[in-house]
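Two forms, one protein chain; structure tokens for each follow separately as structure 1 and structure 2.
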Structure 1
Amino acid sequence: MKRVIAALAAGAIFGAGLALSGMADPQRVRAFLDIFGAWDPTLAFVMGGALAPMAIAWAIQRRMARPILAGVFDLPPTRGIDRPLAVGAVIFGVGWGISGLCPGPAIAGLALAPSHAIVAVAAMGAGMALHRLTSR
């Protein structure tokens, strides 16, 4: 139960960060990618702001035997660059550029612009379902 509450709090803080930083706004995100247009560097500040506490968190994590609320650290691999990683990242980037949306802002947007965000979330869900169906 404590883990679920921690996850809910983390999700809410994440959503607050997205809304405060302007990253819930697809046009602002796309403006960061639009280097030949009216380039908006805001996303770089968001990345910098997010990477700093996480770099500290990783330094702390290395000294911990186990997480505070769970039995073990369950973390993805850091090495082994393969074709699915590369192809998937490129496909994601294309969709990110077309729409200005990635999963976090789309889901957070359900509270801000529900009629549009629901379309984005449904389309992302369909893309995930397509991957699931074709990768069995």
Structure 2
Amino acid sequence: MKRVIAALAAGAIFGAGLALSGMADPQRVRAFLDIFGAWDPTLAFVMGGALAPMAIAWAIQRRMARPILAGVFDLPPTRGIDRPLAVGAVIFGVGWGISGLCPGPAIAGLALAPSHAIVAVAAMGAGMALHRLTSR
């Protein structure tokens, strides 16, 4: 039960942060990515501001033997930059630029503007399924 409450609290805080910062607004995100047009740099402060608490969290995590609510940390293996990572990053960036939505805001968008978000979430699900099929 503690894990469910922690997950709900983390999701609520994350969603509120996305909504308050404008990261859930596809037009605002596209304006941030349009550096050769009517560039809106305000989301850079949001992204920069997100680095500070994450740096603190990573520093704390490195000193912990295990998570508080789980047996082990579920972290990806540390690897260098390889072709699959680069290709995935490019696909992610193109999708983010076209739709103005990355995964968190797309899922939040299902509640806010489902007609716009459903395509992004469906494409994200298809991409995850394709990755699962091809990475075996």
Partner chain sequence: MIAAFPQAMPVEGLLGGLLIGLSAAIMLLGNGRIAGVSGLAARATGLGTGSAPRGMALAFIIGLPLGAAVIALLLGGVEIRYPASIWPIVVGGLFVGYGTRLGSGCTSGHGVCGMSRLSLRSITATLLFMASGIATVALMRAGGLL
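When a residue number appears, read it as a position in the sequence of structure 1, where counting begins at 1. Nothing here was measured: the structure is a model prediction, and the numbers come from that model. Rigid core here is just the name for the largest C-alpha set that superposes within 1.5 Å across the two forms.
- Of the two forms shown, the form predicted in complex with the partner chain is structure 1.
- Once both forms are overlaid on the rigid core, the distance between the two CA positions of A123 between structures 1 and 2 is 2 angstroms or more.
- Comparing the forms between structures 1 and 2 on their rigid core, the Cα displacement of G11 stays under 2 Å.
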